[in-house]
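Taking the form predicted on its own, here's one chain by itself in structure tokens.
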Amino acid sequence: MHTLCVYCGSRLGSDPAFAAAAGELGSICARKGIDIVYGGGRAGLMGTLAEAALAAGGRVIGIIPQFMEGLELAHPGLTRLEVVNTMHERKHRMATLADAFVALPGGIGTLEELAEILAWRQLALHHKPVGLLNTNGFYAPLLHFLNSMGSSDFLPSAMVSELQVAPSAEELLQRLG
């Protein structure tokens, strides 16, 4: 794996462990020579992830829509910042650059990005691994729901079993290969 796409919140969330996990993932990726591609923001877990990777000598590529850059939401110190026209272009570009995908805690945007990349995998538009950094059980309700979708025959059982889930960045990266 050379490039990891990370979906995460533009807020820090209520649990300090979320920011610690984002920083840990950024630092470990830098140490392992794994580039990070993410949404290009400077706030919240996005900013924490980018800062940690950059501080450890890693490469961080941000993909941000023009309207967000105009609101001064872009991280100013990235290795590379690509400005695209739409959110759809952003997600497509991030997916194109990535060898694997990870979702950290986040809000509706993170959930939407995760759902789309899982849908693309189900449709065989990509065969890249997808993982959840399940910090303090953040994704337990979603995993329960996905299992319910599977047991109700709305989701192939392989979709749930192929999703890599771990409580720590190090363990998750090992599972992703």
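Residue positions are given as counts along the sequence shown, with the first one as 1. Since the model is a prediction, treat every value here as computed from it, not as a measurement.
Not on display, but discussed next: the form predicted in complex with a small molecule.
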*Run the contact test on 103, 121 and 161 with a 4.5 Å heavy atom cut-off to the small molecule in the predicted complex and return yes or no.*
no
_Interface membership of residue 68, the small molecule in the predicted complex, 4.5 Å heavy atom rule_ = yes
*With a 4.5 Å heavy atom cut-off, would you call residue 46 a contact of the small molecule in the predicted complex?*
yes
*Mark residue 27 yes when one of its heavy atoms lies within 4.5 Å of a heavy atom of the small molecule in the predicted complex, and no otherwise.*
no
*Applying a 4.5 Å heavy atom distance criterion, does residue 87 contact the small molecule in the predicted complex?*
yes
_Partner-facing stretch of 141-149, 122-130, 104-112, 50-58, counted where any non-hydrogen atom is within 4.5 angstroms of the small molecule in the predicted complex_ = 104-112
*Name the single residue among 83, 97, 78, 73 that comes within 4.5 Å of the small molecule in the predicted complex, judging by heavy atoms.*
73
